[in-house]
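Only one chain is shown below, in structure tokens, and it's the form predicted on its own.
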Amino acid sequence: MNLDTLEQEAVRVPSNVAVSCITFGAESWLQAADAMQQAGAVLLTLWGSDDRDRDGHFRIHAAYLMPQRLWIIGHAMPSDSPVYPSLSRLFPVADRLQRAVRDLLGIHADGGDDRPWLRHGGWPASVFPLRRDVDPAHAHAVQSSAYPFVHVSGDGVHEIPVGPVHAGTIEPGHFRFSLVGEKVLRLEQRLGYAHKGVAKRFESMRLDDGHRLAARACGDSTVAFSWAYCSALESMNATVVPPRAVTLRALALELERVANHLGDLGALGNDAGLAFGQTQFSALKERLLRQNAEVFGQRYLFDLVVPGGVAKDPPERALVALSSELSDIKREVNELRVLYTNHAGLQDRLQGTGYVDPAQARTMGALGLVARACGLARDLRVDLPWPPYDKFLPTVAICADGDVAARLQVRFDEVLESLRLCSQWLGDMPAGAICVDLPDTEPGQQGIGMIEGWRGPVLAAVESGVNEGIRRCHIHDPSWQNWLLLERAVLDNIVADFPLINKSFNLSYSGHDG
């Protein structure tokens, strides 16, 4: 099977980007996966659905990201034998995705890892929360059993368990280090502690309310998640969002990118012993968040993106003030970049630390900032541009060095490029409406939304239910792919460098766990 064969049989799925969909039997499911792997696709996400009330089947859906298109490959399984061929041999990230689907839906990847991923004793092993016939009365918490970590043995090998409870306000995650002396031989993560049941909560909501939950799936990527959800909903009925609303959405998305990068640039300086950097970048981030409050009415923009547009039209004076503030921030970021670049002690800590080989990054399906710091030019804003990026293409920030210093450099480049885009939009903001009403949505309609958030591609796959309800909504955070790479990046480094390496990735627990 090759891509030409898939092209002939695929159907178009409504989306803000190019998406093709096709459903196969078990053998062709694997053949299609092999064709995708040979073509260099990234397995973006994997999710299941319970369609027994329709045709007696469970289904598994795999989303493959290619430079010019997203492919959705499906496979239907009879209800009495919900088993499908594992994709982990071809795509390493499939292993954890498959385990999560098994915990939530009870469909099993033949040949995959059988260890639980999300459950943590939150519900019995015989209960599957996303099944349509699940009895909530049976979904009580149970005693959590010990997790079977992979153990490393040998002379001088010892283990250090870190977490799941961390200092401060860091979300929970367990890291099991195997070491010889201070050198890391292996790191195995255990996540899922922040699981919130977002997918199940969607099923009790109306389509026009789902954006509020999507925005709260990952609080530092709220614009990306809510925009992805709204794009999926708007694409179902080919809703055209007004140009002013589209530009305000993009402005908010880039401000979200800048705010997160500013915070990380300061934290990376602090973790490497340069507390001055933390102070300066924290102040810049605070100034930006205050501008968000002035322009959009919220420091963190949870409720800005709504179906059909945006919820608030900023006054002209606020946009003028924002433009001036962004110019000042740009100047100060450039000054701080010179300081970071010329600080010998800082560069000694960053260069060569947490190295990810570009070939390994490609094999593991690296996304977003992590991929671009390994020389992989993956950015939806350029590869699959949606309005207004189809007319305002950003320059992709690339560095092939693959270490903490490279990830720092990409952050600096992206901050400056996002500020350039924001200034361009503020100088030529379209006039007109900021929102349109969406038409009624019939049951069974499907839509896909994809947005390049600051960590990488965020996806929302939405299916409409009866009475304008949500039948199923799957959202994906790019941390799924990049958590795996973090395990590789720390190898052969000293354990004391893990906080610095971890911060250079700055992956999400909340968005990953759902």
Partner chain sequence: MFDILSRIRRTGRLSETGPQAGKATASDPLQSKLHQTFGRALCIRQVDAGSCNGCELEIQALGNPYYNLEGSGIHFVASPRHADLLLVTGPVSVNMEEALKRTYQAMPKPKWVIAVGDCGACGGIFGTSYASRGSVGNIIPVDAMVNGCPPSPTALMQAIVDVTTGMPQSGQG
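Positions refer to the first chain, counted from 1. Quick caveat: nothing in here was measured; it's all calculated off a predicted structure.
The same protein also exists as the form predicted together with the partner chain; that form is not shown, yet it is the one meant from here on.
J.: Answer for Trp123 alone: is it within 4.5 Å of the partner chain in the predicted bound form, judged on heavy atom distances?
T.: Yes, Trp123 lies within 4.5 Å of the partner chain in the predicted bound form.
J.: Is there any non-hydrogen atom of Ala400 lying within 4.5 Å of the partner chain in the predicted bound form?
T.: Judged by the heavy-atom cut-off of 4.5 Å, Ala400 is well away from the partner chain in the predicted bound form.
J.: Looking at the partner-bound form in the predicted bound form, is Gly154 within 4.5 Å of the partner chain by any heavy atom?
T.: Judged by the heavy-atom cut-off of 4.5 Å, Gly154 is well away from the partner chain in the predicted bound form.
J.: Taking the shortest heavy atom distance, is Leu336 within 4.5 Å of the partner chain in the predicted bound form?
T.: Result yes; Leu336 sits at the interface with the partner chain in the predicted bound form.
J.: Counting only heavy atoms and a 4.5 Å cut-off, does the partner chain in the predicted bound form sit next to every one of Arg89, Arg99 and Val180?
T.: No.
J.: Among 367-375, 132-140, 304-312, 227-235, which stretch sits within 4.5 Å of the partner chain in the predicted bound form, heavy atoms only?
T.: That would be 132-140.
J.: Since exactly one of His158, Arg317, Arg206, Arg212 fits, which has a heavy atom within 4.5 Å of the partner chain in the predicted bound form?
T.: Exactly one listed residue reaches within 4.5 Å, namely Arg212.
J.: Given that the partner chain is left out here, which of Thr341, Gln424, Thr279, Ser327 has a heavy atom within 4.5 Å of it in the predicted bound form?
T.: It is Thr279.
J.: What residues in 171-210 sit within 4.5 Å of the partner chain in the predicted bound form, counting heavy atoms only?
T.: Result: Glu171, Pro172, Gly192, Tyr193, Ala194, His195, Lys196, Gly197, Val198, Lys200, Arg201, Met205.
J.: Would you mind telling me if Ala139 and Val83 are closer or farther apart in the predicted bound form than in the shown form, C-alpha to C-alpha, with a 3 Å or larger change?
T.: Farther, not closer.
J.: Quick one: in the predicted bound form, is the Cα gap between Asp135 and Arg212 smaller or bigger than here? Answer closer or farther; it shifts by 3 Å or more.
T.: Those two alpha carbons end up closer in the predicted bound form.
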